[in-house]
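Considered here are two forms of the same protein chain, supplied as structure tokens in two stand-alone entries, structure 1 and structure 2.
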Structure 1
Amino acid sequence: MLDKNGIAKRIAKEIKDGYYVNLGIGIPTLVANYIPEGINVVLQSENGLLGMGPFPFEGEEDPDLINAGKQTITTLPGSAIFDSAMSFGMIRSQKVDLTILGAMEVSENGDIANWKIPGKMVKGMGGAMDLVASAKNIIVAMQHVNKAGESKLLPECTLPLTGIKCIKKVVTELAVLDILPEGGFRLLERAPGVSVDYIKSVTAGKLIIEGEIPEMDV
């Protein structure tokens, strides 16, 4: 079973040289720490930046330079700043190669819910609806079950949707799964020490198991 950093580390392996990547808030942000040596990646922040660097050294924070999570950040050499319309323009035109974001629920046909819980204060979808509707390649990073112990990989989402038929891959503390075009979570890898039976027991949506399922290499 992986911790949050483990999930981030596993997702980082999905990143290919030359990718432009948008990282959501939470676990996805951690992915930046595990990008393999020799892989050139440019991070897009949807508030208007390509080439996001690490947090600034203490005392060097610039209030005019933040990421989409409103954190103070830095830019790397070769970065570019642009306005919000262009930022979502490049997202919509699929220039961003990979989007990684968190979710409350994912369904076996690739629907995602991650912005609203009825009865609770709704903060808004931010850029999530734009990202999931536009990106060609989306990985969800999330826990396999919610705090009540219920599966977050479902036949259908129960919460209000963020987007439909858009999620291609899910990485949790237990497993890596892709979502097949015809529907269903196909188990690709299991976390070290986690059994296929256990993954079965916490996956409410259709789970497809083909042959031997290898352990993740993290």
Structure 2
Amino acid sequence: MLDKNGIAKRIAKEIKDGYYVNLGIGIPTLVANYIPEGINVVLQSENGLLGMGPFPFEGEEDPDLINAGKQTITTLPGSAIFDSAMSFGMIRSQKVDLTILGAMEVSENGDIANWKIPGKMVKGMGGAMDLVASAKNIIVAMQHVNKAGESKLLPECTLPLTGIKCIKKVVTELAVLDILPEGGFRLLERAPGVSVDYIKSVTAGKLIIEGEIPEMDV
């Protein structure tokens, strides 16, 4: 199985040269540390930053430079800082090529629930609703199962939805999966040492397996 950094490293391989990319809170923020060499990417943070770099080394943090998850970050040469209204203008006008989000649940139809567990205190939806409504391409970085060992890849989400039929791909500690337009999780890759049968056993939604499934290259 992959750890959180392994998930982020695998997702970084999906980023293409010239992309503008928004990184959501949680595992997605780690992607900034694994951008492949030779790839020119501009990372956008919804609190008002274009040109986000990797996390700072200990002792080099600037408390005034944070991402949307309030983590300290670095900036790259040519970066720009602006208000959140301009940031969401970029998002809503589809200037962002790829959005990488965390999730509590994803359905086989591409629905996502990532902002609220009923009965638990939450800070609010944040920018998630705007991101899922406007993004051209969304990849979810998440754990395959919850703390109780129950699948988070479901026939239908049980938690309040953030967006409907908007997710294209999911990367977990066990697998890389496409969500097909007609519904269903198509298994593309499996984590090193993880069997297809095990992935079947922890995927509640419709799982589509075609041919031999290669191991991830991470």
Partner chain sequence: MINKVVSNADEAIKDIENGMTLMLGGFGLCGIPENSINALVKKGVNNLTCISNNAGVDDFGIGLMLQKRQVKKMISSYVGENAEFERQLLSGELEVELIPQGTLATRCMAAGYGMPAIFTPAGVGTEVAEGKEIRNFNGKDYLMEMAFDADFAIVKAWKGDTSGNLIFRSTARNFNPVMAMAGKITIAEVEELVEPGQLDPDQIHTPGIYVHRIFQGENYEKRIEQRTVRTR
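Counting starts at 1 and follows the sequence of structure 1. Rigid core here is just the name for the largest C-alpha set that superposes within 1.5 Å across the two forms. What you are looking at is a predicted structure, and each value in this text was computed from that prediction instead of being measured.
Open item on the list: Just to confirm, one of these is the form predicted on its own and one is not; which one is it?
Closed with: It is structure 2; that copy is the form predicted on its own.
- [ ] Indicate whether I139 shows a C-alpha shift of 2 Å or more between structures 1 and 2, with the rigid core used for the fit.
- [x] For I139, whose C-alpha is compared between structures 1 and 2 after core superposition, the shift is less than 2 Å.
Task: A113 C-alpha shift between structures 1 and 2 of 2 Å or more, rigid core reference - done: No, shifts by less than 2 Å.
- [ ] Answer yes if the Cα of V96 shifts by 2 angstroms or more between structures 1 and 2 on a rigid-core superposition, and no otherwise.
- [x] No, the C-alpha moves less than 2 Å.
- [ ] Could the core-superposed CA displacement of T72 between structures 1 and 2 be given in angstrom, to one decimal?
- [x] Once the two forms are fitted on their core, the shift reads 3.3 Å.
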